[in-house]
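Shown here is one chain on its own, the form predicted alone, set out as structure tokens.
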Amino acid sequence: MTNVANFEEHSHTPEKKPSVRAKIQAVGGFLTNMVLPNIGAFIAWGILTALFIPTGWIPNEQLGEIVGPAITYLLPLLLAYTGGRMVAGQRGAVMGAIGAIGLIVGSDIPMFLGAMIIGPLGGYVIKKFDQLIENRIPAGFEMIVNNFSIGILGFGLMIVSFLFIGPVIENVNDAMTSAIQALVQTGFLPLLSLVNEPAKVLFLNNVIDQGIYYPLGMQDTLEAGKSIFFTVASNPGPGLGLLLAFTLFGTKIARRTAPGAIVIHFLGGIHELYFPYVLMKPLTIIGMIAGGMSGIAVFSFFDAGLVAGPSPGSIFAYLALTPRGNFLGIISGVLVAAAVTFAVTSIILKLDKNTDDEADLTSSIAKSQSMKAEGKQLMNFAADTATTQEISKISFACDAGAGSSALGATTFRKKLQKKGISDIEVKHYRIEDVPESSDIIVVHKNLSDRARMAHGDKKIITIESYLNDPSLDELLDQLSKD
């Protein structure tokens, strides 16, 4: 164990209500965690589609018969099962799947959106029932109560889903589809970037992708064998262009860190790596929007699309999920998006550098001192207390628990090892899944409200970068001293 003085949060202000953004992020994180465990199934379906449908690489009528049932039954059931399990364990998973079959049979479209609603709803219903009868079941009757409760409640949920919930969701889905298809037909689809890019930087990207574009994309793919919807928010080109601009024209720190971020973002698919750069220079969001719009315009021009959602949004995932005849359009869309973002961001950075050098230097020093002070505020070595805490587990958390937090945890663990510290466990999690055994939670500042919602009693360190951040340096130094 490593003893270290009490760590406190940056802010000592009274607890405030969670922001709307934090609540939306939580919804997006929940949706993401229904999708992520099943991404392999989605990719398997995408490969099946790319190979065996009539326009695929090796058309095969017999094997192509799997495409329809897989998207109609398998994928929605997996989503509902996972969503129910997240709420109420195995019993919730079964309830979610039972409810989903009512939606599936009672509708004419793939019920992805419905599955992501009915799964958690089924879990919630059985969870509340179990709480209601807790400690009230006579000894020896546990199994019959448990089995029949799911059977009876599941039966009711299945009927309600078939008759009422399914038709409502189908109408909502049709309205969303019509609205976005209108943008496609009128050529205004690139306007989605006006929403996509700012939302991504605010860590709302999962709400957009998993909640809207993925369901629409899968539905589109069933009819056309591909969909542009998988590309409108996941294009790695704008992030590549932004990081290249910072590499060449950014500040000294940005030039040093951006090249490494390029590798992780473009090849590894972790888009969160470029978010801090946009937050550091908010005007660069203009470059991201311009690049995103350009990429969508090129995809539309070539009528290009992917066969499944690229997760993570790596160039390798893009190429692996590109159907026959679409490589030129997909590659062009990525490169054009990168070039446009690079050009616009470079101009913004150059104009920014043309201001008074002394003022820039003063601003940089002030910002550095502010960040340093912020890091120190995390560690309140109160003189009026001799209380120490044994730090045995540090949890890095992010929206989905599989991207930026994984990178941050791995990096910090290696730094601890270099310092000869091997008795502290460092792991990564989705914010809501951080275990109670965690002594410290490390999270990006834009996710801090959500972290406090889920773990208000924990010591939370907020950072701006999962790789190089003064707060992490302070934590490392303190752990090394102790």
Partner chain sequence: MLADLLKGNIYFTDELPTWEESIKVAAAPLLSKRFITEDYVQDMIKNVQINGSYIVIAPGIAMPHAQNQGGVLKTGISFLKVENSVTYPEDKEVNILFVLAAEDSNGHLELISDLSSLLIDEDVMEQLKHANAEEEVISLINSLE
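None of these values were measured; they are calculated from a predicted model. Positions refer to the first chain, counted from 1.
Not pictured, yet referred to below: the form predicted together with its partner chain.
- Taking the partner from elsewhere, residue 399 is found to have a heavy atom lying within 4.5 Å of its partner chain in the model of the complex.
- Residue contact with its partner chain in the model of the complex: residue 430 places a heavy atom within 4.5 Å of it.
- Heavy atoms of residue 143 reach within 4.5 Å of its partner chain in the model of the complex, making it an interface residue.
- Using a 4.5 angstroms limit between non-hydrogen atoms, residue 262 is distant from its partner chain in the model of the complex.
- Of the residues 311, 404, 221, 193, just one reaches its partner chain in the model of the complex with a heavy atom at 4.5 Å or closer; this is 404.
- Residue 447 is the only one of 53, 441, 447, 34 with a heavy atom lying within 4.5 Å of its partner chain in the model of the complex.
- Here the chain stands by itself, but in the model of the complex one stretch of 118-126, 211-219, 167-175, 408-416, 408-416, has heavy atoms within 4.5 Å of its partner chain.
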